[in-house]
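Have a look below at one chain only, the form predicted alone, in C-alpha cells format.
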C-alpha cells in the first residue's frame, strides 16, 4: 500500500498584477482542485479519476488558462488541448485544438482506452460528445478578461503569461497518473499546438513517475521534457535533481517554465524557472500546502 499524494499546478509565468490582486481566489481554486481529487481517492476511485477531477475543477476557474477562461488565439478564438496518462500500462488520451468540449480533460479521458491516443479539432469534439462529454458553443469559453488581455498584447503591452493547469497523483494502490489542460499561448496563431497534449513532452506517467509540465511549449517539445524526467528517474537519479535537469534542458532550448512530478515512493517535485507557478500538494489525511511563487 502507498501513501496517497496529489500535486497540482496552475501554470508557470509572471507574477502579474492579476495574480497579486486575486491571490486568495487562486489559492481557493487550487485548494478546491486538491480537495476534489482527494475526495475521489477517499471515495475509492483511482489516481486517474483524481487527476481528472482536479483538472476539471481548474478548467472551471476563469483566472486559469484552461477550459473556461482560456487564452485567446490571435483571431480572438479559443483552441484548447489536454492529455491524461495512466502509469500502470502507459495508456494515454489527448485532444488538441478543440473548441466545444466544456472540459477538455474529459475529452482526453474519453480516449484513454481507445485504439488512438490523440485526436484534433472538430472530430475530437464530436468523439467526446458521443461519449457523454458536455459541449458548449465556442463563444462561451471567451471571457471579457481574456479579450482585454489580447487587446493589451496587440497594443504592445505585456499582460503577463500563465499557461496550462495540471495534476499528478499516486494512489494507495501505487498507481501513478498525470493530466494536463491548456488554452495555449495568448495571441497564438490558430492551429498552434504546444506540449500539453503531446505524450512525453508535456504529460507523462509510468510505473516510476507522473509528470505535468507548463511553460514555453515549443522548448518542452524539443526536449521531450516529461519523458526525459522519467528516464532520469529510471536511471536512479533523485526526483528533484531529475526535474531540475529537465528545466535546465528546456532553458538550453530557449524556454522557461515548470513542472510537477510525483514518484512511486510519494516524493514530489515542483520546480519552476519563472516568477510564479501557483501549485499545491495534498497528502492523505487532508494535509494541504499551497504556494503561488
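Quantities reported herein were computed from a predicted structural model and do not represent experimental measurements. Residue numbers count along the first chain shown, from 1.
What comes next is about the form predicted in complex with another copy of the chain, which does not appear here.
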Are any of the heavy atoms in residue 231 no more than 4.5 Å from a heavy atom of another copy of the chain in the predicted complex?
yes
Exercise: residue 198 in contact with another copy of the chain in the predicted complex, heavy atom 4.5 Å:
yes
Partner contact for residue 76 in the predicted complex: another copy of the chain, 4.5 angstroms, heavy atom:
no
Examine residue 213 and determine whether its closest non-hydrogen atom to another copy of the chain in the predicted complex is within 4.5 angstroms.
no
Has each of 117, 218 and 223 got a heavy atom lying within 4.5 angstroms of another copy of the chain in the predicted complex?
yes
Sort through 249, 263, 46, 35 and report the residue having a heavy atom within 4.5 Å of another copy of the chain in the predicted complex.
249
Of the residues 110, 193, 175, 142, which one places a heavy atom within 4.5 Å of another copy of the chain in the predicted complex?
193
Just one of 163-171, 150-158, 99-107, 183-191 has residues with a heavy atom within 4.5 Å of another copy of the chain in the predicted complex, so point it out.
183-191
When another copy of the chain is considered in the predicted complex, the residues of 121-153 having a heavy atom within 4.5 Å of it are 123
